[in-house]
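Read the single chain below, which is given as C-alpha cells and is the form predicted on its own.
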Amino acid sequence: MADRLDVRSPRLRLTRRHVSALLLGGLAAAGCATMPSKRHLSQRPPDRVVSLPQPQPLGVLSLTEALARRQSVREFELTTPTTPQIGQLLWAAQGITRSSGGRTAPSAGALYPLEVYAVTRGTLWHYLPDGHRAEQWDAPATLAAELGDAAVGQDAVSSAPLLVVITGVVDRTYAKYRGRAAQFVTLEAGHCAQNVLLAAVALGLGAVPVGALSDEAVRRRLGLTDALTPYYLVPVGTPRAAGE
C-alpha cells in the first residue's frame, strides 16, 4: 500500500526513547487530569479565610529539651489552644521557611502533597502555607466526638480541644514517583506529625499521634474529597494534671 507507514522509513524514525517519552507523557497527562486543586479540597467553599499570627522563630525550649520532654499525652484540660498557638502548630506542620517555597517538613521532589486540617469546637481549619493563612468552615460542636468514633472510639480524639488532621494527595507525588508515591507521602506525613508533636511541647502543650482510623469515616465527617488520604489525627491540648 502506497500510504502504508513504515517505521523504518526515514520519514518516521521512532526510537525507544521517543516511544517511552510518548507513553510517560500520556500517563502524566492522565494523572494531571485527575489531580485536585491544591487549595479547595473540601467539598464546599470555606466560610472565611483568615490570616494567622506570624510564627515565632525562637522558642523557650531547645530542640534537645523538646525531644526529651515529648511523650504521648491523652488527657487534656478543656481550654482550647489560642489562635497564635494553633498558627504555630500549623506552621510547624507545613509552614514555608524559604523563599524557594521549602517547608518545615521535607518532601520527595518538593511536591508537597500534604494538606493539614485542624478541628476546634465549632470550627474546621484548612492550613494554607502560602501567606500563613487558614480556610475556615463552621462545624458542629460534636465534630471531635465524631472523629473519635472514626478512630475506633479513642477518648483522646473525642475529648481533645484541638485536633490536627494530616492528610495527603498521593496523585501529586505519583506523577513523578509512580509506584513509590504512596510510600513517600506516608513518610512525609510522619515528618509532619513529629514536627507537630515537638512544637506542642515547645508551646507547653501535650499531644499524641493517632493512626488507627477509618479513612472513609474521616473523609465523610470532614467533608473531604476521595483524593485525600487521612494519615494522622493528632489530639493537642494542655495536659491534665495528675490525679484530676
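Each residue number is its position in the shown sequence, starting from 1. These numbers were taken from a predicted model, which means no experiment stands behind them.
Keep in mind the form predicted together with a small molecule is missing from the figure; the text below concerns it.
Exactly one of the stretches 120-128, 70-78, 137-145, 101-109 approaches the small molecule in the model of the complex with heavy atoms within 4.5 Å, and it is 70-78. Residue-level contacts in the model of the complex: of Leu52, Leu203, Val208, Val218, one residue has a heavy atom within 4.5 Å of the small molecule, and it is Val208. The partner is absent here, but in the model of the complex a heavy atom of Gln154, alone among Gln94, Gln154, Thr167, Gln88, sits within 4.5 Å of the small molecule. Residue contact check for Leu63: none of its heavy atoms lie within 4.5 Å of the small molecule in the model of the complex.
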